[in-house]
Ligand code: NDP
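One chain is shown next in C-alpha coordinates, namely the form predicted on its own.
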(Lines give C-alpha, C1' and ligand atoms only; values in the text may rest on other atoms or scores of the structure.)
Protein backbone atom coordinates (compact mmCIF):
# COMPACT_ATOMS: atom_id res chain seq x y z
CA UNK A 1 0.00 0.00 0.00
CA UNK A 2 2.91 2.40 0.59
CA UNK A 3 3.72 2.25 -3.14
CA UNK A 4 0.57 4.29 -3.82
CA UNK A 5 -0.23 7.93 -3.13
CA UNK A 6 -3.79 6.92 -2.24
CA UNK A 7 -5.69 3.75 -1.48
CA UNK A 8 -8.63 5.11 -3.49
CA UNK A 9 -8.81 7.78 -6.16
CA UNK A 10 -12.30 8.79 -7.27
CA UNK A 11 -12.91 10.59 -10.56
CA UNK A 12 -16.17 12.49 -10.16
CA UNK A 13 -17.45 14.43 -7.16
CA UNK A 14 -21.17 13.77 -7.50
CA UNK A 15 -23.47 12.11 -5.00
CA UNK A 16 -22.15 8.60 -5.69
CA UNK A 17 -18.50 9.60 -5.71
CA UNK A 18 -18.80 11.61 -2.51
CA UNK A 19 -20.59 8.77 -0.72
CA UNK A 20 -17.98 6.23 -1.83
CA UNK A 21 -15.17 8.55 -0.72
CA UNK A 22 -16.67 9.24 2.67
CA UNK A 23 -17.39 5.60 3.47
CA UNK A 24 -14.01 4.40 2.22
CA UNK A 25 -12.29 7.03 4.35
CA UNK A 26 -14.32 5.93 7.38
CA UNK A 27 -12.87 2.45 6.85
CA UNK A 28 -9.37 3.91 7.09
CA UNK A 29 -8.56 4.34 3.40
CA UNK A 30 -6.49 7.26 2.10
CA UNK A 31 -8.87 8.87 -0.40
CA UNK A 32 -8.74 11.62 -3.03
CA UNK A 33 -11.42 12.97 -5.38
CA UNK A 34 -10.98 14.85 -8.63
CA UNK A 35 -13.89 17.01 -9.80
CA UNK A 36 -13.44 19.25 -12.83
CA UNK A 37 -16.57 21.37 -12.33
CA UNK A 38 -18.36 21.61 -8.99
CA UNK A 39 -18.69 19.16 -6.10
CA UNK A 40 -22.21 17.78 -5.85
CA UNK A 41 -22.63 16.44 -9.36
CA UNK A 42 -25.62 16.62 -11.66
CA UNK A 43 -28.26 16.13 -8.97
CA UNK A 44 -27.14 18.95 -6.70
CA UNK A 45 -25.71 21.40 -9.22
CA UNK A 46 -27.80 21.09 -12.39
CA UNK A 47 -30.38 18.37 -11.89
CA UNK A 48 -32.93 17.09 -9.42
CA UNK A 49 -32.37 19.60 -6.61
CA UNK A 50 -32.59 22.89 -8.54
CA UNK A 51 -35.28 21.39 -10.78
CA UNK A 52 -37.41 20.44 -7.76
CA UNK A 53 -37.06 24.01 -6.48
CA UNK A 54 -38.40 25.23 -9.83
CA UNK A 55 -41.27 22.76 -9.47
CA UNK A 56 -42.10 24.29 -6.10
CA UNK A 57 -41.97 27.76 -7.64
CA UNK A 58 -44.22 26.71 -10.51
CA UNK A 59 -46.88 25.30 -8.17
CA UNK A 60 -47.58 28.78 -6.80
CA UNK A 61 -49.23 29.69 -10.11
CA UNK A 62 -52.12 27.30 -9.38
CA UNK A 63 -51.95 27.70 -5.60
CA UNK A 64 -52.49 31.46 -5.85
CA UNK A 65 -55.54 30.91 -8.04
CA UNK A 66 -56.92 28.22 -5.74
CA UNK A 67 -56.43 30.39 -2.66
CA UNK A 68 -59.27 32.66 -3.74
CA UNK A 69 -61.70 29.74 -3.50
CA UNK A 70 -60.48 29.20 0.05
CA UNK A 71 -61.33 32.76 1.09
CA UNK A 72 -57.99 34.49 0.52
CA UNK A 73 -58.13 37.88 -1.20
CA UNK A 74 -55.16 37.32 -3.49
CA UNK A 75 -54.43 40.22 -5.85
CA UNK A 76 -53.11 39.76 -9.37
CA UNK A 77 -49.54 38.52 -9.02
CA UNK A 78 -46.58 38.88 -11.35
CA UNK A 79 -43.83 36.30 -11.65
CA UNK A 80 -40.23 37.50 -11.47
CA UNK A 81 -38.04 34.79 -13.00
CA UNK A 82 -34.65 36.34 -12.03
CA UNK A 83 -35.66 36.29 -8.35
CA UNK A 84 -36.45 32.58 -8.40
CA UNK A 85 -33.45 31.78 -10.60
CA UNK A 86 -30.99 33.60 -8.37
CA UNK A 87 -32.44 32.15 -5.16
CA UNK A 88 -32.21 28.64 -6.60
CA UNK A 89 -28.62 29.18 -7.68
CA UNK A 90 -27.77 30.52 -4.22
CA UNK A 91 -29.17 27.34 -2.67
CA UNK A 92 -27.07 25.29 -5.07
CA UNK A 93 -24.00 27.21 -3.89
CA UNK A 94 -24.90 26.44 -0.28
CA UNK A 95 -25.30 22.73 -0.98
CA UNK A 96 -22.02 22.62 -2.87
CA UNK A 97 -20.31 24.03 0.21
CA UNK A 98 -21.87 21.29 2.34
CA UNK A 99 -20.55 18.60 0.02
CA UNK A 100 -17.09 20.12 0.17
CA UNK A 101 -17.28 20.17 3.96
CA UNK A 102 -18.25 16.49 4.00
CA UNK A 103 -15.09 15.62 2.10
CA UNK A 104 -12.94 17.85 4.27
CA UNK A 105 -14.36 16.47 7.53
CA UNK A 106 -13.61 12.93 6.36
CA UNK A 107 -10.05 13.88 5.38
CA UNK A 108 -10.68 13.27 1.69
CA UNK A 109 -8.35 15.32 -0.49
CA UNK A 110 -10.08 17.24 -3.28
CA UNK A 111 -8.48 18.13 -6.61
CA UNK A 112 -10.45 20.84 -8.42
CA UNK A 113 -9.49 19.71 -11.90
CA UNK A 114 -10.08 17.02 -14.49
CA UNK A 115 -8.46 13.63 -14.02
CA UNK A 116 -8.01 10.83 -16.53
CA UNK A 117 -6.92 7.22 -16.17
CA UNK A 118 -3.36 6.69 -17.41
CA UNK A 119 -2.79 3.20 -16.06
CA UNK A 120 -4.46 0.46 -14.00
CA UNK A 121 -3.24 2.22 -10.87
CA UNK A 122 -2.50 5.72 -12.16
CA UNK A 123 -4.42 8.91 -12.84
CA UNK A 124 -3.19 12.07 -14.53
CA UNK A 125 -4.53 15.46 -13.49
CA UNK A 126 -5.15 18.31 -15.93
CA UNK A 127 -2.00 20.07 -14.70
CA UNK A 128 0.09 17.02 -15.64
CA UNK A 129 0.49 15.61 -12.13
CA UNK A 130 0.50 11.81 -12.03
CA UNK A 131 -0.79 10.00 -8.95
CA UNK A 132 -0.77 6.33 -7.99
CA UNK A 133 -3.77 4.64 -6.40
CA UNK A 134 -4.47 1.09 -5.30
CA UNK A 135 -8.05 1.41 -6.54
CA UNK A 136 -9.62 3.83 -9.02
CA UNK A 137 -13.35 4.56 -9.00
CA UNK A 138 -15.09 6.21 -11.96
CA UNK A 139 -18.17 8.18 -10.91
CA UNK A 140 -18.48 10.74 -13.70
CA UNK A 141 -22.22 10.40 -14.27
CA UNK A 142 -24.00 11.10 -17.55
CA UNK A 143 -24.36 14.03 -19.93
CA UNK A 144 -27.37 15.36 -21.90
CA UNK A 145 -27.53 13.98 -25.43
CA UNK A 146 -27.80 16.46 -28.29
CA UNK A 147 -28.62 15.04 -31.73
CA UNK A 148 -26.17 15.50 -34.57
CA UNK A 149 -28.25 17.70 -36.87
CA UNK A 150 -27.59 21.12 -38.44
CA UNK A 151 -28.23 23.91 -35.95
CA UNK A 152 -28.56 21.66 -32.89
CA UNK A 153 -26.24 24.03 -31.00
CA UNK A 154 -28.99 26.67 -30.99
CA UNK A 155 -30.90 24.61 -28.45
CA UNK A 156 -30.02 24.23 -24.77
CA UNK A 157 -30.03 21.28 -22.38
CA UNK A 158 -31.03 20.82 -18.76
CA UNK A 159 -27.50 21.99 -17.86
CA UNK A 160 -28.21 25.53 -19.06
CA UNK A 161 -31.91 25.89 -18.31
CA UNK A 162 -31.31 27.11 -14.74
CA UNK A 163 -29.34 30.10 -16.01
CA UNK A 164 -31.80 31.64 -18.49
CA UNK A 165 -31.61 35.42 -18.55
CA UNK A 166 -35.34 35.77 -19.12
CA UNK A 167 -38.39 33.55 -19.42
CA UNK A 168 -39.26 32.88 -23.08
CA UNK A 169 -42.78 33.17 -24.45
CA UNK A 170 -42.61 30.00 -26.58
CA UNK A 171 -40.79 26.83 -25.59
CA UNK A 172 -40.31 23.62 -27.54
CA UNK A 173 -39.09 20.62 -25.57
CA UNK A 174 -37.63 17.75 -27.55
CA UNK A 175 -38.28 14.43 -25.83
CA UNK A 176 -40.95 12.43 -24.07
CA UNK A 177 -39.18 11.23 -20.92
CA UNK A 178 -39.23 12.46 -17.36
CA UNK A 179 -36.98 15.48 -17.92
CA UNK A 180 -39.10 16.66 -20.85
CA UNK A 181 -42.37 16.30 -18.97
CA UNK A 182 -41.06 17.92 -15.81
CA UNK A 183 -39.83 21.02 -17.62
CA UNK A 184 -43.03 21.12 -19.68
CA UNK A 185 -44.99 21.54 -16.46
CA UNK A 186 -42.57 24.13 -15.10
CA UNK A 187 -42.53 26.32 -18.21
CA UNK A 188 -46.31 26.06 -18.59
CA UNK A 189 -46.92 27.32 -15.06
CA UNK A 190 -44.52 30.19 -15.79
CA UNK A 191 -46.95 31.22 -18.57
CA UNK A 192 -44.93 29.92 -21.51
CA UNK A 193 -46.54 28.41 -24.59
CA UNK A 194 -45.15 24.86 -24.41
CA UNK A 195 -44.86 22.24 -27.15
CA UNK A 196 -43.44 18.76 -26.57
CA UNK A 197 -41.96 17.13 -29.65
CA UNK A 198 -41.43 13.38 -29.49
CA UNK A 199 -40.02 11.11 -32.18
CA UNK A 200 -42.17 8.24 -30.83
CA UNK A 201 -45.89 7.92 -30.19
CA UNK A 202 -46.02 7.88 -26.37
CA UNK A 203 -44.67 9.86 -23.45
CA UNK A 204 -42.88 8.31 -20.49
CA UNK A 205 -42.14 4.97 -22.08
CA UNK A 206 -41.70 2.36 -19.34
CA UNK A 207 -44.25 3.87 -16.97
CA UNK A 208 -47.70 2.34 -16.48
CA UNK A 209 -49.86 3.05 -19.52
CA UNK A 210 -52.93 4.29 -17.63
CA UNK A 211 -50.86 6.68 -15.54
CA UNK A 212 -48.95 8.20 -18.44
CA UNK A 213 -52.17 8.51 -20.46
CA UNK A 214 -53.75 10.43 -17.59
CA UNK A 215 -50.81 12.86 -17.56
CA UNK A 216 -51.20 13.35 -21.31
CA UNK A 217 -54.92 14.07 -20.93
CA UNK A 218 -54.29 16.56 -18.13
CA UNK A 219 -51.54 18.25 -20.14
CA UNK A 220 -53.79 18.63 -23.17
CA UNK A 221 -56.54 20.07 -20.97
CA UNK A 222 -54.12 22.62 -19.54
CA UNK A 223 -53.07 23.73 -23.01
CA UNK A 224 -49.81 21.89 -23.60
CA UNK A 225 -49.21 20.90 -27.20
CA UNK A 226 -47.87 17.43 -28.07
CA UNK A 227 -46.35 16.54 -31.44
CA UNK A 228 -45.76 12.80 -31.83
CA UNK A 229 -43.80 10.94 -34.50
CA UNK A 230 -41.76 14.04 -35.33
CA UNK A 231 -38.13 13.54 -36.39
CA UNK A 232 -35.90 16.64 -36.18
CA UNK A 233 -34.19 17.61 -39.42
CA UNK A 234 -32.51 20.93 -38.61
CA UNK A 235 -32.69 24.02 -36.41
CA UNK A 236 -32.59 27.46 -38.02
CA UNK A 237 -31.79 30.60 -36.03
CA UNK A 238 -33.43 33.70 -37.45
CA UNK A 239 -32.36 37.33 -37.34
CA UNK A 240 -34.74 38.19 -34.48
CA UNK A 241 -33.23 35.43 -32.29
CA UNK A 242 -36.17 33.06 -32.65
CA UNK A 243 -35.77 29.50 -33.92
CA UNK A 244 -37.44 27.68 -36.77
CA UNK A 245 -37.50 23.92 -36.25
CA UNK A 246 -37.61 21.71 -39.31
CA UNK A 247 -38.89 18.12 -39.26
CA UNK A 248 -38.92 15.25 -41.71
CA UNK A 249 -42.24 15.32 -43.56
CA UNK A 250 -43.87 17.76 -41.11
CA UNK A 251 -44.56 21.47 -40.95
CA UNK A 252 -41.85 23.62 -39.27
CA UNK A 253 -42.43 25.05 -35.80
CA UNK A 254 -41.43 28.49 -34.51
CA UNK A 255 -40.13 28.94 -30.97
CA UNK A 256 -38.09 31.20 -28.74
CA UNK A 257 -36.36 28.38 -26.86
CA UNK A 258 -35.52 24.79 -27.74
CA UNK A 259 -34.72 22.42 -24.88
CA UNK A 260 -33.09 19.13 -25.78
CA UNK A 261 -34.37 16.46 -23.38
CA UNK A 262 -33.81 13.36 -25.50
CA UNK A 263 -31.80 11.29 -23.07
CA UNK A 264 -28.47 11.21 -21.27
CA UNK A 265 -25.33 9.32 -22.27
CA UNK A 266 -22.63 7.94 -19.94
CA UNK A 267 -19.89 10.51 -19.40
CA UNK A 268 -16.92 8.30 -20.23
CA UNK A 269 -15.40 10.00 -23.28
CA UNK A 270 -11.78 11.06 -22.97
CA UNK A 271 -11.11 9.40 -19.63
CA UNK A 272 -8.48 7.02 -21.02
CA UNK A 273 -10.53 3.96 -20.15
CA UNK A 274 -10.25 2.09 -23.45
CA UNK A 275 -6.51 2.65 -23.49
CA UNK A 276 -6.05 0.78 -20.20
CA UNK A 277 -8.40 -2.05 -21.16
CA UNK A 278 -11.71 -1.07 -19.54
CA UNK A 279 -14.59 -2.53 -21.54
CA UNK A 280 -17.33 -0.11 -22.62
CA UNK A 281 -20.80 -0.65 -24.02
CA UNK A 282 -21.97 0.69 -27.36
CA UNK A 283 -23.21 3.92 -25.79
CA UNK A 284 -20.02 4.42 -23.77
CA UNK A 285 -21.35 2.84 -20.58
CA UNK A 286 -18.68 1.31 -18.37
CA UNK A 287 -19.37 -2.40 -18.05
CA UNK A 288 -19.18 -3.67 -14.47
CA UNK A 289 -20.05 -6.79 -12.51
CA UNK A 290 -22.30 -7.09 -9.44
CA UNK A 291 -19.51 -5.62 -7.30
CA UNK A 292 -19.05 -2.58 -9.58
CA UNK A 293 -15.71 -3.93 -10.85
CA UNK A 294 -14.67 -3.34 -14.47
CA UNK A 295 -12.64 -5.61 -16.74
CA UNK A 296 -9.54 -4.07 -15.13
CA UNK A 297 -9.50 -5.43 -11.54
CA UNK A 298 -8.19 -2.22 -9.94
CA UNK A 299 -10.80 0.01 -11.62
CA UNK A 300 -14.44 0.25 -10.54
CA UNK A 301 -17.41 2.36 -11.66
CA UNK A 302 -20.72 3.42 -10.14
CA UNK A 303 -23.69 5.60 -10.99
CA UNK A 304 -24.98 6.88 -14.30
CA UNK A 305 -21.70 6.25 -16.12
CA UNK A 306 -22.55 2.52 -15.93
CA UNK A 307 -26.02 3.16 -17.39
CA UNK A 308 -27.71 0.61 -15.14
CA UNK A 309 -30.28 2.74 -13.31
CA UNK A 310 -29.81 6.48 -13.76
CA UNK A 311 -31.06 7.64 -10.37
CA UNK A 312 -29.12 9.53 -7.70
CA UNK A 313 -30.20 7.29 -4.79
CA UNK A 314 -29.00 4.28 -6.78
CA UNK A 315 -25.60 5.88 -7.35
CA UNK A 316 -25.35 6.59 -3.63
CA UNK A 317 -26.21 2.98 -2.76
CA UNK A 318 -23.67 1.72 -5.29
CA UNK A 319 -20.98 4.00 -3.88
CA UNK A 320 -21.70 2.83 -0.35
CA UNK A 321 -21.72 -0.84 -1.37
CA UNK A 322 -18.44 -0.41 -3.25
CA UNK A 323 -16.69 1.18 -0.27
CA UNK A 324 -17.98 -1.42 2.20
CA UNK A 325 -16.97 -4.26 -0.10
CA UNK A 326 -13.51 -3.08 -1.09
CA UNK A 327 -12.40 -1.23 2.04
CA UNK A 328 -14.73 -2.27 4.86
CA UNK A 329 -14.52 -6.06 4.64
CA UNK A 330 -18.32 -6.07 4.37
CA UNK A 331 -19.28 -7.53 0.97
CA UNK A 332 -22.43 -5.70 -0.13
CA UNK A 333 -24.44 -5.69 -3.34
CA UNK A 334 -27.26 -3.40 -4.40
CA UNK A 335 -30.71 -4.90 -4.88
CA UNK A 336 -32.16 -3.35 -8.04
CA UNK A 337 -35.67 -4.75 -7.66
CA UNK A 338 -38.61 -2.53 -6.73
CA UNK A 339 -36.80 0.79 -7.06
CA UNK A 340 -39.34 3.61 -6.65
CA UNK A 341 -39.30 6.37 -9.25
CA UNK A 342 -41.06 9.71 -9.63
CA UNK A 343 -41.74 12.26 -12.34
CA UNK A 344 -42.19 15.75 -10.89
CA UNK A 345 -44.62 16.78 -13.58
CA UNK A 346 -47.82 18.78 -13.01
CA UNK A 347 -49.34 16.72 -11.42
CA UNK A 348 -46.53 14.37 -10.39
CA UNK A 349 -46.27 10.65 -11.11
CA UNK A 350 -44.78 7.97 -8.87
CA UNK A 351 -44.45 4.23 -9.21
CA UNK A 352 -42.74 1.15 -7.85
CA UNK A 353 -42.61 -2.46 -9.01
CA UNK A 354 -44.18 -3.96 -12.11
CA UNK A 355 -46.51 -2.09 -14.42
CA UNK A 356 -49.67 -3.91 -15.44
CA UNK A 357 -48.22 -4.89 -18.83
CA UNK A 358 -44.97 -6.11 -17.25
CA UNK A 359 -46.91 -8.18 -14.72
CA UNK A 360 -49.08 -9.77 -17.41
CA UNK A 361 -45.97 -10.68 -19.38
CA UNK A 362 -44.19 -12.27 -16.41
CA UNK A 363 -46.88 -13.60 -14.06
CA UNK A 364 -49.53 -16.21 -14.66
CA UNK A 365 -52.52 -14.39 -13.24
CA UNK A 366 -52.77 -10.65 -12.54
CA UNK A 367 -55.40 -8.55 -10.78
CA UNK A 368 -55.52 -4.77 -10.92
CA UNK A 369 -57.30 -2.33 -8.66
CA UNK A 370 -57.72 1.39 -9.29
CA UNK A 371 -59.02 4.45 -7.54
CA UNK A 372 -59.97 7.34 -9.82
CA UNK A 373 -60.93 10.35 -7.75
CA UNK A 374 -60.87 14.13 -7.49
CA UNK A 375 -58.77 15.27 -4.51
CA UNK A 376 -60.69 17.22 -1.90
CA UNK A 377 -58.59 20.34 -2.46
CA UNK A 378 -59.34 20.26 -6.18
CA UNK A 379 -63.07 19.97 -5.50
CA UNK A 380 -63.23 23.16 -3.45
CA UNK A 381 -60.81 24.91 -5.78
CA UNK A 382 -63.12 24.15 -8.68
CA UNK A 383 -60.53 22.08 -10.56
CA UNK A 384 -61.71 19.03 -12.48
CA UNK A 385 -58.25 17.43 -12.43
CA UNK A 386 -58.51 13.84 -11.21
CA UNK A 387 -55.96 11.59 -9.54
CA UNK A 388 -55.47 7.93 -10.37
CA UNK A 389 -54.00 5.24 -8.12
CA UNK A 390 -53.35 1.75 -9.43
CA UNK A 391 -52.38 -1.46 -7.66
CA UNK A 392 -51.04 -4.49 -9.53
CA UNK A 393 -51.44 -7.82 -7.71
CA UNK A 394 -50.14 -11.32 -8.38
CA UNK A 395 -53.40 -13.24 -8.71
CA UNK A 396 -51.83 -16.46 -7.45
CA UNK A 397 -50.14 -15.20 -4.27
CA UNK A 398 -52.17 -11.99 -3.61
CA UNK A 399 -48.80 -10.18 -3.34
CA UNK A 400 -48.78 -6.53 -4.40
CA UNK A 401 -46.18 -6.34 -7.17
CA UNK A 402 -46.73 -2.79 -8.33
CA UNK A 403 -48.12 0.57 -7.22
CA UNK A 404 -48.53 3.48 -9.61
CA UNK A 405 -50.14 6.86 -9.07
CA UNK A 406 -50.62 10.33 -10.46
CA UNK A 407 -51.85 13.19 -8.33
CA UNK A 408 -50.79 15.79 -5.78
CA UNK A 409 -47.93 14.63 -3.54
CA UNK A 410 -47.80 11.22 -5.26
CA UNK A 411 -44.00 10.87 -4.74
CA UNK A 412 -44.32 11.68 -1.03
CA UNK A 413 -47.06 9.06 -0.64
CA UNK A 414 -45.29 6.40 -2.65
CA UNK A 415 -42.07 6.37 -0.62
CA UNK A 416 -43.80 4.73 2.33
CA UNK A 417 -45.91 2.50 0.11
CA UNK A 418 -42.76 1.33 -1.68
CA UNK A 419 -41.62 -0.26 1.58
CA UNK A 420 -44.74 -2.42 1.56
CA UNK A 421 -44.10 -3.55 -2.02
CA UNK A 422 -40.44 -4.24 -1.25
CA UNK A 423 -41.51 -6.27 1.80
CA UNK A 424 -43.85 -8.38 -0.33
CA UNK A 425 -47.08 -7.47 1.46
CA UNK A 426 -50.37 -8.78 0.10
CA UNK A 427 -53.52 -7.04 -1.03
CA UNK A 428 -55.28 -8.49 2.03
CA UNK A 429 -52.75 -6.81 4.31
CA UNK A 430 -53.37 -3.47 2.59
CA UNK A 431 -57.09 -4.02 3.08
CA UNK A 432 -56.62 -4.85 6.76
CA UNK A 433 -54.92 -1.48 7.35
CA UNK A 434 -57.34 1.16 8.64
CA UNK A 435 -57.56 4.26 6.45
CA UNK A 436 -56.13 7.59 7.57
CA UNK A 437 -59.04 9.91 6.84
CA UNK A 438 -59.39 12.34 5.17
CA UNK A 439 -56.26 11.91 3.04
CA UNK A 440 -55.48 11.03 -0.54
CA UNK A 441 -53.21 8.21 0.61
CA UNK A 442 -56.13 6.36 2.21
CA UNK A 443 -57.13 5.28 -1.30
CA UNK A 444 -54.26 2.77 -1.12
CA UNK A 445 -56.14 0.71 1.46
CA UNK A 446 -59.65 1.25 0.13
CA UNK A 447 -59.36 -0.22 -3.36
CA UNK A 448 -61.77 -3.11 -3.81
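Worth saying up front: this structure is predicted, and the values here are computed from it rather than measured. Residue numbers count along the first chain shown, from 1.
Beyond the structure shown, there is the form predicted together with the named molecule, which is absent from this document and is the topic of what follows.
**Q** Tell me the stretch among 286-294, 118-126, 81-89, 339-347 that has any heavy atom within 4.5 angstroms of the named molecule in the predicted complex.
**A** This holds for exactly one stretch, 339-347.
**Q** Verify the flagged residues 145, 175 and 205 against the named molecule in the predicted complex: is each one within 4.5 Å by a non-hydrogen atom?
**A** The answer is yes; 145, 175 and 205 each reach the named molecule.
**Q** What is the one choice in 316, 278, 243, 180 with a heavy atom within 4.5 Å of the named molecule in the predicted complex?
**A** Contact with the named molecule in the predicted complex is made by 180 alone.
**Q** Just to confirm, with a 4.5 Å cut-off on non-hydrogen atoms, which of 199, 225, 360, 377 contacts the named molecule in the predicted complex?
**A** In short, 199.
**Q** Contact between residue 257 and the named molecule in the predicted complex at 4.5 Å, heavy atoms?
**A** No, no contact at 4.5 Å.
**Q** Just to confirm, residue 311 within 4.5 Å of the named molecule in the predicted complex by heavy atoms?
**A** Yes.
**Q** Tell me, yes or no, whether residue 262 is in contact with the named molecule in the predicted complex, where a contact means a heavy atom of each within 4.5 Å.
**A** Yes, contact at 4.5 Å.
**Q** So, residue 51 and the named molecule: in the predicted complex, are they within 4.5 Å at any heavy atom pair?
**A** Looking in the predicted complex, residue contacts with the named molecule include residue 51, since a heavy atom lies within 4.5 Å.
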